[in-house]
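Given next, in structure tokens, is a single chain: the form predicted on its own.
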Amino acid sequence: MNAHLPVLPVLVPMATAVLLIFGQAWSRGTRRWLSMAGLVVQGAVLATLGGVLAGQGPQAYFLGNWSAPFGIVLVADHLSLWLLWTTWALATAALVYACRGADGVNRRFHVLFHFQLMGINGAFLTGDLFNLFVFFEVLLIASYTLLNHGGGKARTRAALHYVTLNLVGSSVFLIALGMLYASLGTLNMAHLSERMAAVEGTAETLARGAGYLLLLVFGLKAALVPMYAWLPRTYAAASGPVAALFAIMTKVGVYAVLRIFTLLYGEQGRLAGLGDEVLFLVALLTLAAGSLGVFSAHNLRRLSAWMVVLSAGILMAAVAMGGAELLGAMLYYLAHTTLATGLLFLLADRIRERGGAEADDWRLASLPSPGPALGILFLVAAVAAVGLPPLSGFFAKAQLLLASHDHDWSWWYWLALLGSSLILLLAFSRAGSSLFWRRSGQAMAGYEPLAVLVLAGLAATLLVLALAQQPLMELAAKAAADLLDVDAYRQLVLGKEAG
């Protein structure tokens, strides 16, 4: 069974989705239990996979026993596992929250939810660029319908823009893949890495152009400047559980840049370091745009969406700077910001459930206050998001600053990171005081233990990230080490003949 572990994070959500397709006539309760059971099995798979990686190191799985570069290969290392665990934790909270009633709007909600998990997990595991494109399409197709979950003019308009942009991105992705195949004759990542080190002439020009196109595509997926404007509108329009799950999707774009540019455009060959300066500049501009967006937001939904943009800038700047220590800190921050943003989206949704569609808009001072329970949870989310002690945001940003101090671009990064934190402090202070203190109406009626339990669970996860900061940073460092050990990756995938 251990030999098949790397494929199970893809097969389990796929099997769950297929079972749910055939179970459309089952009661809502049965579908919910099956959907949750799928996540429980995924958690067990990830725990077992973690044990195998700790004892045996990274694992490669060759579908149909076809050896690379001719067959499909999945690679599970500490980097993949870190992202799979982050996805699982966020998805569990979003699904439990949705099972309170939001899933009843569309009988196919659970089917689409697990197909999206299949696409996300597959993107984190694939060792082949074409199959990365395939998994991108799986998660995007599921997200198209999930975005429109519940209907409404705003969601339909946002979905139309989202679909159009991603179709353009997918087309550019295919063009980039064609250029890479034309220049290097393969799309297996390890094989590409091996051949890229010796590329020259016309092939080098094609490979260079493909690299910039890939940056464009993954920049769109990660919502980098200038291709970021779609995200705040899209995420703010989505239902709470869907927006929370979407918080991990931009991280797929970050991961793709991290993995592919380390393998293909890393420290070897004539194209080493391709696009680093451009990526760093774009990341800083994205951080600035996200900060201004957070400050200008007038409701908690849009503030949370702009937080996703801001975090993409912080992450991509760290990716451009590189280095084992900084990448480890970046991965710790990635887990923190994904869960913190998910908490904010669910919190905004709960406020709207209790007080109406505009209840999270702090300009409406005459509305009732959301109440003390949600106020405490907002305080936790705000402290974490801003980066104040004692929660995970403080440790994440401190590690980023410490790890980047000796880089040539460190002063720009420090200025951007600290400046954005100050803006976040002002924005969250205004939002919290307006939503929970200055409102003139009575506290909102109604208290639902399950909703509070889910929100409190995410808040507790942020506390656990802080309390277990040292061992988690050690795991993040292992993930960064696996990423940067390109020779070991080639050896794992291509075998002893890898050069």
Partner chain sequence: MELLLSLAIGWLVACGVYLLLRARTFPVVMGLTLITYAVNLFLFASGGITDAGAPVASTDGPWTDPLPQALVLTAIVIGFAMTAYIVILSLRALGDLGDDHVDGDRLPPEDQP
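The structure displayed is predicted, hence computed values, not measured ones. Numbering follows the first chain given and starts at 1.
As for the form predicted in complex with its partner chain, it is not shown, yet the points below apply to it.
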With the partner left out here, if you bring back its partner chain in the predicted complex, are A382, F395 and A398 all within 4.5 Å of it by some heavy atom? no
Here the chain appears without its partner; judged in the predicted complex, the stretch of 244 to 252, 220 to 228, 298 to 306, 422 to 430 with heavy atoms within 4.5 Å of its partner chain is 298 to 306
Contact between H405 and its partner chain in the predicted complex at 4.5 Å, heavy atoms? no
Is there a heavy atom of F130 no more than 4.5 Å from a heavy atom of its partner chain in the predicted complex? yes
Taking 4.5 angstroms as the cut-off for heavy atoms, does T164 touch its partner chain in the predicted complex? yes
Decide whether T145 counts as a contact residue for its partner chain in the predicted complex under a heavy atom distance cut-off of 4.5 Å. yes
Of A198, V105, A272, V168, the only residue with a heavy atom within 4.5 Å of its partner chain in the predicted complex is V168
Consider the chain as shown here, without its partner, and state which of A324, L187, L281, A288 has a heavy atom within 4.5 Å of its partner chain in the predicted complex. L187
Stretch 22 to 51: residues contacting its partner chain in the predicted complex, 4.5 Å heavy atom cut-off: none
